[in-house]
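As structure tokens, one chain now follows by itself in the form predicted on its own.
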């Protein structure tokens, strides 16, 4: 049986931690006049978090901007070493090695992020679940060992996937995580969002007034765009090659995170298996959504929510969105009448549909 593995052409994927998928094309230009003054641009990119990360800063002092970029890359490295499921010394790996046999002391940051992940698990009825690690590892999507798992092994992994069996204890002598026996934590669906927020806070604390942060597609922008008006971000077309976008979102001071089944997958026996799993079945989610874009002030929340809504599908996803405040979304749905794009009310005037083959539905209330 032949197996075809698909990975993004512009990145090299080395691990299985990343669950959330983002593809944003930047529709901005460097070193343009912003109002009456010319901005200096400083940019740095590196291979981190299993992808290419890129930070672009604008300001008056090029030397200062480059110094801040150094600090930012060190912060990303520090947090990756703390949270990655693929780094043996990370807090997540320490918890997984204990395999529920005993509580593991972790950093306050790792413990708090796991609690945040569990909160989203509760809010989404388990559509997002940080205990998905056994399922992710069995499928191996993004690695050379990608394959359809043995049904019995997959059933065991599904039985172990339950966020309610995880506890985070904040004691006088530190923070401790206890999982059920055999569980495997994977924060890949929320960690990049968290790291994005930490980098953003660092930049602001260092006096940076305008920036674009791209951690493998988890986008955050703040301050003035180098072009007049808001930042213009193209949303990757779920049915077209990388670099083709179906719409443009005009945003400011927010994070933009997208999940979809089109970016990382493998094919076996004529069937395509993607990397976003339904924790109830252990198989790739059979969603009626082709992509989910979440626009929110907080990248951590947007990261978890984009994955959850994709798994939940259109009806349940819309229902959850109506309960949330200060969260906007662009949903690309596969309907019998064609591909329909749904945009929440708060973003309606800031979104431009570019693909004439798609239909834009009335705004989602």
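Positions refer to the first chain, counted from 1. This is a predicted model, so every value here is computed, not measured.
This next part talks about the form predicted in complex with a small molecule, which is not shown.
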Stretch from 230-238, 145-153, 180-188, 205-213 whose residues place a heavy atom within 4.5 Å of the small molecule in the predicted bound form | 180-188
Given that the partner is absent here, does residue 80 sit within 4.5 Å of the small molecule in the predicted bound form, heavy atoms only?
-> yes
In the predicted bound form, does residue 129 have a heavy atom within 4.5 Å of the small molecule?
-> yes
Residue 313: touches the small molecule in the predicted bound form, heavy atom cutoff 4.5 angstroms | no
Applying a 4.5 Å heavy atom distance criterion, does residue 277 contact the small molecule in the predicted bound form?
-> yes
What is the one choice in 86, 167, 268, 281 with a heavy atom within 4.5 Å of the small molecule in the predicted bound form?
-> 86
In the predicted bound form, the residue from 136, 110, 249, 95 with a non-hydrogen atom within 4.5 Å of the small molecule is 136
